[in-house]
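So this first bit is one chain, no partners, the form predicted on its own, shown in structure tokens.
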């Protein structure tokens, strides 16, 4: 009961914050305190928003971005989970590779975007590769952390009871590390989505980011803000879905 009450209060604060931002936006637009070139009026943006969600080009761009995100996260998850598991099973490998991967992740990978375009072209392939690269590091680092932090006594007891590698993974390592791994998947998917949007805006032929960039170049700020609002909504839905999934995996651990 207390937790539910806290959740409702948190949701009320979040909704109130969004409403306050919208009211401030409406006031600044109506009062003329900010030029409509930089901040179009909220009703105008709402009108454009309705128009774009009824257009075929919008769904074409949305499909491209979602396709890039799904493929990028799938590739990052495949390599991140596999490498993270192999590294996490060896304390020496963790000592060697975890600082190395964390150090590479600290490098601003955006500076290598021209190389991605050089190797994969300017279309969706480079966006998928770029998004997968960004999403890979949170996934592999959290997988390493989750696997390596499993209590060694659980492994010893399982071995003494005759568990093989497959049983050890399914019955001991995966359940114990799953909440941390899911956190890495959530962060990786979110970062991958941002990386794909950014790469589309910088050098993209299709997708939501490319469309936003084209509208900005044409000074069509009302429609640009409508696309930005949709991207914010899409990112919120993605984060909410993954956060809900993460809480479901965390509940058994907290209950125990």
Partner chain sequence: MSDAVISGTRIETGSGGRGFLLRNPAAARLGVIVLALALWELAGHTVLDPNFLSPPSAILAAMPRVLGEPGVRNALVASFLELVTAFVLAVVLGLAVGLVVGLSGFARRATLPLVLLLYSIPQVTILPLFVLYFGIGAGSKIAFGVSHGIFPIILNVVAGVQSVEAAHLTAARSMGASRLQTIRRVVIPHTMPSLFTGLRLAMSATLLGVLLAELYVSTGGVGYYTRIFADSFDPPATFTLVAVLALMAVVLNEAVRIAERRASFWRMHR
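By rigid core we mean the largest C-alpha set that fits within 1.5 Å across both forms. In this text the structure is predicted, and so the values were computed from the model without any measurement. Positions refer to the first chain, counted from 1.
There is another form of the same protein, the form predicted together with the partner chain; it is not shown, and what comes next is about it.
Judged against the partner chain in the predicted bound form with a 4.5 angstroms heavy atom cut-off, the residues 111, 115 and 118 are in contact without exception. Partner contacts here mean any heavy atom within 4.5 Å of the partner chain in the predicted bound form, and among 68-76, 141-149, 177-185, 93-101 they occur only in 93-101.
This chain lacks the partner; the member of 231, 64, 52, 189 within 4.5 angstroms of the partner chain in the predicted bound form by a non-hydrogen atom is 231. For the chain shown alone, residue 226 is not a contact residue for the partner chain in the predicted bound form, no non-hydrogen atom being within 4.5 angstroms.
When contacts are judged by a 4.5 Å heavy atom cut-off, residue 219 counts as touching the partner chain in the predicted bound form.
Residue contact with the partner chain in the predicted bound form: residue 85 places no heavy atom within 4.5 Å of it. At least one heavy atom of residue 14 is located within 4.5 Å of the partner chain in the predicted bound form.
With contact defined as any non-hydrogen atom lying within 4.5 angstroms of the partner chain in the predicted bound form, the contacting residues in 24-50 are 37, 38, 39, given in sequence order. Residue displacement note: residue 14 has its CA displaced by at least 2 Å between the shown form and the other one (rigid core superposed).
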